[in-house]
Ligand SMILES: Cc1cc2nc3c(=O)[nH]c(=O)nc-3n(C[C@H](O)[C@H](O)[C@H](O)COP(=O)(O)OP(=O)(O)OC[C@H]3O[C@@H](n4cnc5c(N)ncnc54)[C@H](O)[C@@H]3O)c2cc1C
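So this first bit is one chain, no partners, the form predicted alone, shown in structure tokens.
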Amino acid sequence: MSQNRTPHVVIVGGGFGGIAAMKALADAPVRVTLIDRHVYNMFQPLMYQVATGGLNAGDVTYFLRSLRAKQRNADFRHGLLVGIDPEHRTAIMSDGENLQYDYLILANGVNTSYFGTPGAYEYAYSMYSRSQALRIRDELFTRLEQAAAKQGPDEIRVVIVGGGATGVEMAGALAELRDQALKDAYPEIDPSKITITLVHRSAELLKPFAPRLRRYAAKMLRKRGVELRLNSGVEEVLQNGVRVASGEFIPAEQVIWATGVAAHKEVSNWGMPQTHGGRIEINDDLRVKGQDRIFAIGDIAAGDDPLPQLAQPAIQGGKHAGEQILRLLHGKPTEAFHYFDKGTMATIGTNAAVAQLRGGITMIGPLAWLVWVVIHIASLLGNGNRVSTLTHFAVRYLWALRKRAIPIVGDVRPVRPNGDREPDPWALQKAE
């Protein structure tokens, strides 16, 4: 036990799984320390809305330290876990501090995987953090301003790599931005000069979804002017476009990488058993294989029966891990985790979405879109976030308003000769 005799539970990661685990221990006789490399929780499913100017980053960001006010036995620690010593029950932080734990929950999620594709890390933009989403938005609006002032190419070509939910939603949002919001904001730009191409290795989009939903998503994207390049794996990303497996070059001013995930690089130093993509191997009770006091949940965890890397498996896994710690504290054996599939959904834009619910029930069109809006707003952490997001959605999506809706502008650097300083070095670094 810890020195003060109160069991100490350390949770690494302030995402869906980590917060669910923390809440599951709210009334437990333990101390909880939540660790995250960021000081905020970013609502990942709406990240693309930030990248396309539909929402402010603050709308979908929640200050993790605010959780302490709601849970008296919880604390927050900003930092990075770089090592684990199971024998001495020690979590080793990057700043040299060692945190003693009685139980450890690993819920730190994953990062973008570029599959070793040449040039992808250097030239493609991913969306796994707030800073990455903002860089996409800022780059897009910088190019729009340059095109409007005729200071650069009059074409703005965006290539999205990946036909999963993230890629489909990003493509739909960009098409909607081009066809509705930018008409009044940038009358100098011919909308036909803004092209969106989605490149996908498979023959169909949204592979985890039912065939009917895949066909609908492809149909709606094409209807909204998105060019689909299916059966086209990206072999190389260049500064001015991508080269696909056939050898064809697709020009682009901006390449957005929306496929592939892998563990963060520091996970390999933790000494935990790892499998494909660097994910940590777990038993059916969510404990790490070979460990009695360490659990892994969410995207970073890989069991014998693979679960989708979505919010619900992480949330349910976090709750289950917290419950198992309580059982262990009371001398009871752990129980196997059973995932309850509530379904999944993706949106293509206003009045167009797909939803696949439990029992094989599927929905498309306006009804699925309305369900998508309600569930995503309800899933945000704070009431302020819910109200702010609802307000922005109302302005952007209500028919009478969206025709004149102006997007949230990106940060375009000023052009005054003596009023523009050089960017700080950190602003030029690749965000992780």
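One rule holds for the numbers: they count along the sequence shown, beginning at 1. These figures come from a predicted structure and were not determined experimentally.
There is another form of this protein, the form predicted in complex with the ligand, and it is not shown here; the text below is about that form.
(request) Name the residue from 373, 47, 381, 363 that puts a heavy atom within 4.5 Å of the ligand in the model of the complex. (result) None of the other options qualify; the answer is 47.
(request) Report the residue, out of 166, 316, 180, 232, that has at least one non-hydrogen atom within 4.5 angstroms of the ligand in the model of the complex. (result) Exactly one residue meets the criterion: 166.
(request) State yes or no: in the model of the complex, is some non-hydrogen atom of residue 79 no more than 4.5 angstroms from a non-hydrogen atom of the ligand? (result) Yes - in the model of the complex, heavy atoms of residue 79 and the ligand come within 4.5 Å of each other.
(request) Would you check, heavy atoms only and a 4.5 Å threshold, whether residue 38 touches the ligand in the model of the complex? (result) Judged by the heavy-atom cut-off of 4.5 Å, residue 38 is in contact with the ligand in the model of the complex.
(request) Evaluate residue 127 for contact with the ligand in the model of the complex, applying a 4.5 angstroms cut-off between non-hydrogen atoms, and reply yes or no. (result) Yes, residue 127 lies within 4.5 Å of the ligand in the model of the complex.
(request) Would you please decide whether residue 350 lies within 4.5 angstroms of the ligand in the model of the complex, comparing each non-hydrogen atom pair? (result) Because no heavy atom of residue 350 falls inside 4.5 Å of the ligand in the model of the complex, the answer is no.
(message) Please tell me whether the candidate spot formed by 10, 103 and 327 is one where all three residues come within 4.5 Å of the ligand in the model of the complex (heavy atoms).
(response) No residue of the spot touches the ligand in the model of the complex.
(message) To test your reading of this chain, name the stretch in 233-241, 298-306, 218-226, 248-256 whose heavy atoms come within 4.5 Å of the ligand in the model of the complex.
(response) So the stretch in question is 298-306.
(request) For the heavy atom contacts within 4.5 Å of the ligand in the model of the complex, list the residues of 223-253 involved, in sequence order. (result) Result: empty, none.
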